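Okay, so here's just one chain, in structure tokens, the form predicted alone.
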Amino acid sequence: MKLLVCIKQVPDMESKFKIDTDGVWYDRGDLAWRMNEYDEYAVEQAVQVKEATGADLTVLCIGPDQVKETMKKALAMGCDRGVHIADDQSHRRDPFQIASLIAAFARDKGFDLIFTGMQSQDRGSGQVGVMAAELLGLPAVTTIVGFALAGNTITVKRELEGGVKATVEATLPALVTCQLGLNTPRYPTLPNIMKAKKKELLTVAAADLSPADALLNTVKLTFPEKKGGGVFLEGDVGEVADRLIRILKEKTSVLA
């Protein structure tokens, strides 16, 4: 069995973000970087399948050279090799272009199961996995929070709206996108971190995979508008309660 897991390097969400000079994305300087959180669940699930079946597991990441550091974590978690699609402009590509690069690489590799995160923490489109599946002609099951493999069939639990979950079966080959709660991603041990340094890390130029033309263009990026601050009520409990009631009547329709 051959497995592929796709990951993305994103800024740490605690970083201070600034909009770049073009006004269409964030400034990539002075940011701390990490593996996209949803992708960590995808890597963990892929490694668990590898350990249970003896499958061969490849991790793929698109971006500039710096993404190799994030790929090393996936290798230390248990992936067998890495494929870096070198692309200094990956942050400007729309989801369809990213999906086309994944599909172009994976199309002739015979992967039985492809894992991706549900979405990225920076762009948050939730489209790349399902678009890649469509381009590859594979069934896709999204937002999975439970996973089981038996023979040539996967049984997964999907998270739907309102806390509802659905159980879905699919025949391999297939693609799944992973949601928080699917598993508990492991911390790479020091021996595995050292082993990861010796694992194969192949680089492929994005141009060699002929990415598709963009279907979306970002026109402008802005921070959310600042709204009025909150009101702190202090004093005697009864007095605070009276003031709260007056505010609710004057400012809202809660007590109308």
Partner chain sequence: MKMLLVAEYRQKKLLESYTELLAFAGQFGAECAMFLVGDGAAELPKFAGRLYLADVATYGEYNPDAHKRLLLDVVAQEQPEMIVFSHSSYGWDLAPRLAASLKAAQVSEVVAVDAGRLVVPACNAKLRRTVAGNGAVTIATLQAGAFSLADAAAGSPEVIAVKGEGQGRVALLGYEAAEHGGVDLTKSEVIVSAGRGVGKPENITLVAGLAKALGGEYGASRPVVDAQWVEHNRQVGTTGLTVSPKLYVACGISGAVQHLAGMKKSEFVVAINTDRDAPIGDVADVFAVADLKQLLPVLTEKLQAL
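Residue numbers count along the first chain shown, from 1. All values derive from a computational prediction rather than experimental measurement. We call the rigid core whatever largest set of C-alpha positions still superposes within 1.5 Å between the two forms.
Heads up, the form predicted together with its partner chain isn't pictured, but that's what we're talking about next.
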Given that the partner is absent here, state which listed stretch (189 to 197, 52 to 60, 65 to 73, 31 to 39) has heavy atoms within 4.5 Å of its partner chain in the predicted bound form. 31 to 39
So in the predicted bound form, does Lys165 come within 4.5 Å of its partner chain, heavy atom to heavy atom? yes
Are any of the heavy atoms in Lys249 no more than 4.5 Å from a heavy atom of its partner chain in the predicted bound form? yes
In the predicted bound form, Asp22 touching its partner chain (heavy atom, 4.5 Å): no
Gly151 versus its partner chain, in the predicted bound form: is there a non-hydrogen atom within 4.5 Å? no
Within 152 to 171, which residues come within 4.5 Å of its partner chain in the predicted bound form, counting heavy atoms only? Thr155, Lys157, Arg158, Glu159, Leu160, Glu161, Gly162, Gly163, Val164, Lys165, Ala166, Thr167, Val168, Glu169, Ala170, Thr171
Gly235 C-alpha relocation of at least 2 Å between this form and the one not shown, rigid core basis: yes
Taking the rigid core as reference, does the Cα of Val24 move 2 Å or more between this form and the one not shown? no
